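As structure tokens, one chain now follows by itself in the form predicted alone.
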């Protein structure tokens, strides 16, 4: 038995250790690896009627992936510009949501981590309580707020800031605000957990040396908080790119999300292989993008797991 397993069982006991390992293996293999392998297998198969599945026509093919790039055979265009445009727009929007969340959440996390007193606990509870409500209900609440007859338009038209209601839905403002709000805690708390352990004497020493506030953050706080920032950005980006509820509820007619195309393939077109291929492409692209950003900003996988 490996030494780390011996140490694990000595620390937790045989019964509890086996229970924990069993649950971890069930979660990892049964709920993550096997479903993804099944999805990968589906993506290489043709869309056949149930009686023909497993027959001579049921062979592996790349047609589902070619469809994303070139579209249907005999189409009027050389490339599947609609789906490709939606795909890249989804990735760019997920990056924008991640950057927006980082800019918004970093000051909050810094304040929580470096402040003392009971009011910090109250502030943290106030951040958490809205997330006791289901994500779909929160999305509908935001749609009411951003609607043409919603709270914001009623307020601003009443104050005379603008004469006619502004369409937050069609201009994607409601969508980006909803996505940013949906995952705000996933950005705040990883950064907060790291900044909380930062020795305040380092900040005081930088101030005594005459460093301005922006240089203190740039040279002291942000490098120290890099593991939390990396973890938060990874989670927000992956979840934003794979979001479905918020784009369905808050998206305008021209803001189709790539996950909505996947949903259409599975449910509307009943084309599971095509939907699986789209899902695999999105997953692999997001993973490669995250790995590229980690390499660019010199972040290790261990930093994200801290």
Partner chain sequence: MNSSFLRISIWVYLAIFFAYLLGPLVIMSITAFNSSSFPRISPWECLTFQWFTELFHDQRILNGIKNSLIIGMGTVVLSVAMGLAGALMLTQIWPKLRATYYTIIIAPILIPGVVLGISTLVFWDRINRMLGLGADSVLSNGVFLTVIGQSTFIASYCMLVLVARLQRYDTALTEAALDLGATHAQAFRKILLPFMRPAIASAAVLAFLASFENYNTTTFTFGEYPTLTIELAQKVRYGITPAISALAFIIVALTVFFALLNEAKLRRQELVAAARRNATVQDLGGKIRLPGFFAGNMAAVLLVVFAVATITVVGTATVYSPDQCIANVKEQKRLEAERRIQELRKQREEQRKQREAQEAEQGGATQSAPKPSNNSGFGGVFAPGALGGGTDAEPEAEEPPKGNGGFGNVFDPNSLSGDQ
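Residue numbers count along the first chain shown, from 1. Source: prediction; values computed, not measured.
The same protein has a further form, the form predicted together with its partner chain, not shown here; the description that follows concerns it.
- Relative to its partner chain in the predicted complex, residues 80, 89 and 256 are all farther than 4.5 Å at every heavy atom.
- Contact with its partner chain in the predicted complex, judged by any heavy atom within 4.5 Å, is made by just one of 224, 123, 156, 166: 123.
- Its partner chain is not shown here, and in the predicted complex it never comes within 4.5 Å of any heavy atom of residue 72.
- When its partner chain is considered in the predicted complex, residue 283 lines it closely, a heavy atom lying within 4.5 Å.
- The closest non-hydrogen atom of residue 213 lies within 4.5 Å of its partner chain in the predicted complex.
- The shortest heavy atom separation between residue 292 and its partner chain in the predicted complex exceeds 4.5 Å.
- Residues with any non-hydrogen atom within 4.5 angstroms of its partner chain in the predicted complex fall in just one of 134-142, 216-224, 81-89, 192-200: 134-142.
- Counting a residue when any of its non-hydrogen atoms is within 4.5 Å of its partner chain in the predicted complex, the hits in 259-287 run 259, 262, 263, 266, 267, 272, 275, 276, 279, 282, 283.
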